[in-house]
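Below you'll find only one chain, the form predicted on its own, shown as structure tokens.
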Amino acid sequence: MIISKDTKLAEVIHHNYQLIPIIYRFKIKFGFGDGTVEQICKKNNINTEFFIEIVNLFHNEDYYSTDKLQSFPLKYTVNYLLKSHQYFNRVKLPLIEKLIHELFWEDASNKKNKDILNKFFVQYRKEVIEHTTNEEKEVYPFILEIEKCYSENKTDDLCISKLKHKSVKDYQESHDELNSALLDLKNIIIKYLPPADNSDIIERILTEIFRLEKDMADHTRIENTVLIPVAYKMENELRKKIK
């Protein structure tokens, strides 16, 4: 299913409930009846085409929309990525941590397993927060400044100063460490953690971790195929003017 402006948003959710948090990031509230994507986007002051591209990207792994997404102002992409950070740090990670705390073993000797798992997860959550904080304070503001200088055709002292000390390429860092840590967390639970007495919690934890992993992978794909390439192209054009 390819989502279009005429698709009813309720049908989108029925086709793929995992799009609920994606739709939520656009601050669309439920109870929207049989409204189409276009109608609901207009009502919520959302760029319809950008919304369609993002939702299709998450809905269908084979949907390739890099060119279209690169054509939008970078502030749209940055705003979406910021909302994703908020979702990871304020919703998804606290939920997983809460579920880990709910694990229970009647045998007291197994308490250490819960402590090890919790310690590992707390460290992972700390790394995610540090990573997203750096992007919010350093990477995204710099990219938006590049876009502003480029769109206004400015090569003033402030712009030149920033380009002398930074480059978008500096931020094209790998997310491999975060992905590796998440894989280790899954393996601890799947392969090595003794069965908890409330095994239904383990099922919920794994489900949430797999969902988080998919969400973060798509998040990284947007950064690496849309945000960084567009900003780097603008940066190169500016550098040509200040040589």
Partner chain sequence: MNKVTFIIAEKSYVIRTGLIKIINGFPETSVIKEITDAGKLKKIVNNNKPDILIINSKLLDDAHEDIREMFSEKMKTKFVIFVGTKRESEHFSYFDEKISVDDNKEEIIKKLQTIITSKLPEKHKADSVELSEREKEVVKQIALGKTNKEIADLLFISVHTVITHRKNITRKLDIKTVSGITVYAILNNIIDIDEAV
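These numbers were taken from a predicted model, which means no experiment stands behind them. Numbering follows the first chain given and starts at 1.
Keep in mind that the form predicted in complex with its partner chain is missing from the display, and what follows is about it.
Out of the listed residues 170, 107, 115, 152, 115 is the one that sits within 4.5 Å of its partner chain in the model of the complex by at least one heavy atom.
Out of the listed residues 187, 45, 198, 207, 187 is the one that sits within 4.5 Å of its partner chain in the model of the complex by at least one heavy atom. Comment: 190-198 is the region of 65-73, 190-198, 32-40, 212-220 lying near its partner chain in the model of the complex, near meaning a non-hydrogen atom within 4.5 Å. Using a 4.5 Å cutoff between non-hydrogen atoms, residue 120 counts as a contact of its partner chain in the model of the complex. Contact annotation: residue 181 falls within 4.5 Å of its partner chain in the model of the complex, judged by heavy atom distances.
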